[in-house]
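Quick setup: one chain, the form predicted alone, written in structure tokens, and binding and motion questions come after.
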């Protein structure tokens, strides 16, 4: 049995251990206590970790309550020594881990993806909206406003007031940003974030910086999407630090890669026949030729034409449409998708062979494509 008593410490008792009070790390008069928010939750987290850790070392049953309570008291002391208790540091680490595993999966399994599609796929897997939907699927509830204590399992944040509209403003890291130059693919790779979006600071209409994931009443507040995004990223960072790299990767595979994503729907070709001609010329193939495969209802109100695109005797793609031009364009787009969505058999990623485990697979270099067609 454990009774938390705030500034007075905690009381522990069991059938096998001596009943005793454990004082708090910081006395009530200590100047180190800045904000008691989150102290109780910090105690529970430290207590649980200490209990599991000592039970593993003992080899059976639960660990010693006294040691676990000490862990909890120390964890609580860290929480109350600072204001704006949040998960920002873990969220930074989790963001990098999610970006690393997502990008290595996409680049090794689909080495020919165009950069714009790669950006869109990254966003679909680990973007803010995807992470927000995951918190809802996990059943994570949002606390309207954090107080001195919040029940475990609630995502605590101060909501952004309705009158405080979020405005994307500030420095983007781009040179001469005041001139609003056109953002090409190359500049998006160099200057923008992992999703190809501008790096902008979130501010409110009143000019205040938006506080994301804060558990106190500092600043105007945060949106649910921003807080949920940081929560999931912080969770991944915590798994990595607490359970190790292998556990973090398994967590990523089970909760992120398990989500179905149809990459073929992310393509948007503006000049598919021209792109296909340039691709065939670069690869040394014969120039593509469109041929009518079948048709029906040519003189009716709803004709259907099936056109195939061939390079010599090889059919590259096929498409159907209400006109010959529409079918030809769709066939060229299907041929380009077939090229860009190529995936090697038994593709590996670098993290598959990391670590000293003898059962790890032997690394085989991944295919590196020379790049997409630029027209």
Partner chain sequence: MNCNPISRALPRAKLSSSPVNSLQASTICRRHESSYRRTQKRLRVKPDPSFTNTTTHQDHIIFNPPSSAPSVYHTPLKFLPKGDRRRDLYTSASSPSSSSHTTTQQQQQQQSTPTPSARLPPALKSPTEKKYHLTESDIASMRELRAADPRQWTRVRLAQRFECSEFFVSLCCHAPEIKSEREQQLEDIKRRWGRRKTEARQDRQRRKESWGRDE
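Computed from a prediction, not measured in an experiment: that's the story for all the values here. Positions refer to the first chain, counted from 1.
Keep in mind that the form predicted in complex with its partner chain is missing from the display, and what follows is about it.
Trainee: How about residue 353 - does it come within 4.5 Å of its partner chain in the predicted bound form, if we only consider non-hydrogen atoms?
Mentor: Judged by the heavy-atom cut-off of 4.5 Å, residue 353 is well away from its partner chain in the predicted bound form.
Trainee: Applying a 4.5 Å heavy atom distance criterion, does residue 232 contact its partner chain in the predicted bound form?
Mentor: No, residue 232 stays farther than 4.5 Å from its partner chain in the predicted bound form.
Trainee: Verify the contact flag for residue 324: yes if a non-hydrogen atom of it lies within 4.5 Å of a non-hydrogen atom of its partner chain in the predicted bound form, no if not.
Mentor: Contact check for residue 324: yes, within 4.5 Å of its partner chain in the predicted bound form.
Trainee: Applying a 4.5 Å heavy atom distance criterion, does residue 67 contact its partner chain in the predicted bound form?
Mentor: Outside the cut-off, so no.
Trainee: Would you kindly say which of 347, 33, 341, 49 lies with a heavy atom within 4.5 Å of its partner chain in the predicted bound form?
Mentor: None of the others qualify; the residue that does is 341.
Trainee: By the heavy atom within 4.5 Å rule, which residue out of 198, 263, 130, 155 makes contact with its partner chain in the predicted bound form?
Mentor: Of the listed residues, the single hit is 263.
Trainee: Is it the case that 289, 307 and 314 all touch its partner chain in the predicted bound form, with a non-hydrogen atom of each within 4.5 angstroms?
Mentor: Verified in the predicted bound form; spot residues all in contact, yes.
Trainee: Can you say which of 185 to 193, 291 to 299, 98 to 106, 116 to 124 gets within 4.5 Å of its partner chain in the predicted bound form, counting heavy atoms only?
Mentor: This holds for exactly one stretch, 291 to 299.
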